[in-house]
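Shown below, as structure tokens, is a lone chain in the form predicted on its own; questions about how it binds or moves come after it.
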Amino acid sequence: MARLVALQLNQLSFSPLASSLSDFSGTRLQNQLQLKRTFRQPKGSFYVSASSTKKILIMGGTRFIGVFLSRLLVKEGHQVTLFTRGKAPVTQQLPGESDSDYADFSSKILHLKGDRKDFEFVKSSLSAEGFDVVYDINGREADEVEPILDALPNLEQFIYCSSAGVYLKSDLLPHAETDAVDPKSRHKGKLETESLLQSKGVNWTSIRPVYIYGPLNYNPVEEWFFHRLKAGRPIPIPSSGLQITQLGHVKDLAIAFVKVLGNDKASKEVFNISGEKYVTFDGLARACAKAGGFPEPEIVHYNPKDFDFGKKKSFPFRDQHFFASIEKAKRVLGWEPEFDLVEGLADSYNLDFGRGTFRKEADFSTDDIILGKSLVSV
């Protein structure tokens, strides 16, 4: 039988920042970062009130979204278990998090070690423990979800992290939850999971983020720009740079995940979650510079068709317009994104990249190819 383990204060630790900084646990998010500039105060705090106390399982939970979601749920008084392979530290003290807050979180979080692709283990361990609610943060395929549902016949709610990448490319934007989806999308596994949840008749909710950013981001979204800004390099942007996209802060996403917990209005519904505003690629480069306190960046446009980068990506975003409406989440859930774009990028920079921490080393090899060739006017 699987054994749940309560964690001790032993994992990777950072020295807490001054109390004027925003708090990863959310208890002081209203005191926004003051390192480089003063921003407007958020409309609310990172603490969200949910329904009665639940026994909650998070599939994943040690990276990015799960770090913030698990803290919110523990603050709310829920019993939270993280299901992971145990290859990464289950908890870590985060910049801006006080010793007492971290001690409280670490003493309450539980860990179930296993591989979610080991379906028999998933069935036996989850059925032995029993959970009221499952948050599936890292599920990619429907066959990874079915054993969870089989193991928990009395499950009250299954909350799934899908992706706005499931939508079929369209000339009519922003994407709404009722838009056509692309069965050939690289996120087709998430579509198939949503279909499975619907067919099983469980109480489910699916969240479809657009691009997610914020501290601890393991995807090279804002980090890609920060590396170039820090190095004082030009920023190569494909085509005209006027392509419109959308980013949502990870803390706003975590709040949205809590908003659907025990919410009858969220039953069997899909919600797009992202930031309030859309932004062009060029505008995003300038916003990153402003957030990190860098000079106005030099932007170089290029025609992607003139280059062969092999398997390397020269730019971290889809070279197209890509953004979604968040009106349904605002109307049905009463959710509002707290961060505007520059404010959110500053939160990411000051609590992560600006402290010398990042997920991937800088790689300017594709930049050098672009900048070394005569550029094509677009």
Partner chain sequence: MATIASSSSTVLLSASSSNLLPFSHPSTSRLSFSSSLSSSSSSLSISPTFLSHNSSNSRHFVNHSAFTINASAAKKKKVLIVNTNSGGHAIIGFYFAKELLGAGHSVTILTVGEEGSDKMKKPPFNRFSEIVSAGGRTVWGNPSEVGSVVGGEVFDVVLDNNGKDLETVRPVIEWAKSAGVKQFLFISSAGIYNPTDEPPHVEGDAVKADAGHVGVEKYIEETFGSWAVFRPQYIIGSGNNKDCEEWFFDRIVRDRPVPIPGSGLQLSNLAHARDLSSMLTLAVENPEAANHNIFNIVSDRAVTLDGIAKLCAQAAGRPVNIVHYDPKAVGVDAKKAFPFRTYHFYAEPRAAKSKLGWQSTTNLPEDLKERFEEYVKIGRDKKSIQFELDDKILEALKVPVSV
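Please read these numbers as outputs of a predicted model, since none were measured by experiment. Positions refer to the first chain, counted from 1.
As for the form predicted together with its partner chain, it is not shown, yet the points below apply to it.
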Thinking of G60, D115 and F121 as one candidate spot, does its partner chain come within 4.5 Å of a heavy atom in every one of them in the predicted complex?
no
Given that the partner is absent here, does S240 sit within 4.5 Å of its partner chain in the predicted complex, heavy atoms only?
yes
May I ask you to check whether F323 falls inside a 4.5 Å heavy atom distance of its partner chain in the predicted complex?
yes
Verify the contact flag for F294: yes if a non-hydrogen atom of it lies within 4.5 Å of a non-hydrogen atom of its partner chain in the predicted complex, no if not.
no
How about Y278 - does it come within 4.5 Å of its partner chain in the predicted complex, if we only consider non-hydrogen atoms?
yes
Please pick, from V90, L149, V74, A176, the one residue with any non-hydrogen atom lying within 4.5 angstroms of its partner chain in the predicted complex.
A176
By the heavy atom within 4.5 Å rule, which residue out of I244, V181, A142, L110 makes contact with its partner chain in the predicted complex?
I244
To test your reading of this chain, name the stretch in 281 to 289, 191 to 199, 75 to 83, 97 to 105 whose heavy atoms come within 4.5 Å of its partner chain in the predicted complex.
281 to 289
